[in-house]
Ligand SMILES: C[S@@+](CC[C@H](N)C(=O)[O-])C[C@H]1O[C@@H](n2cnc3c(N)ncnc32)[C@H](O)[C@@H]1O
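Given next, in structure tokens, is a single chain: the form predicted alone.
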């Protein structure tokens, strides 16, 4: 695990939350890696390794999750696109059992390392997964996702994942930095049998403050 981290220049940061401080090991020069690791797939779609950044949306979602300790304790939680693992770490800290997933193996290495240094590994599993082909035959009471709907071709597989993996009375928590195209995803969400409530949270990162939206998603009542 540590070998893979040494493939990158590393830095660390402390995220201060109401429930305590979370120490994260991050990639020091994400802009450089965004260019170096970008690639096209067989269909000509450009892939950009956005996991190499700590995004404002993950901080906002972590803040929201830490307010749900009475709901998440002893609950099975799925995080998709976990990146550096911040949100899942907070969920573990308040007593949830979290399955961290990401399509990128290196992202999972960072998430594992960060969970370990924050002392929550005993509450966590780490699974490499493409949300186009979910690998679970189980349902989760909570699904967490920070900033995963940035490209339209992701929407349909994410909606299918919610249909297949969210428990009937479950809750999905999505955070999103108010991109214009996100409106289309939430319209599709409603036509696929879900409802949502929206709140906002200002997050300051690298001396810039952004408004992040938190969506609480449930199945529509029959």
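Positions refer to the first chain, counted from 1. Quick caveat: nothing in here was measured; it's all calculated off a predicted structure.
Absent from the display: the form predicted together with the ligand. The rest refers to it.
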Report task. Note which of 33, 194, 155, 55 lies within 4.5 Å of the ligand in the predicted bound form, where distance is taken over heavy atoms; exactly one does. Result -> 55
**Report entry** Residue contact check: residue 89 to the ligand in the predicted bound form, 4.5 Å heavy atom
**Finding:** no
Query raised in the report: Is there a heavy atom of residue 82 lying 4.5 Å or less from a heavy atom of the ligand in the predicted bound form?
Result: yes
Query raised in the report: Any of the heavy atoms of residue 76 lying within 4.5 Å of the ligand in the predicted bound form?
Result: no
**Report entry** Touches the ligand in the predicted bound form: residue 125 (any heavy atom, 4.5 Å)
**Finding:** no
Report task. Please determine, with the chain shown alone, which of 92 to 100, 112 to 120, 68 to 76, 127 to 135 has non-hydrogen atoms within 4.5 Å of the ligand in the predicted bound form. Result -> 127 to 135
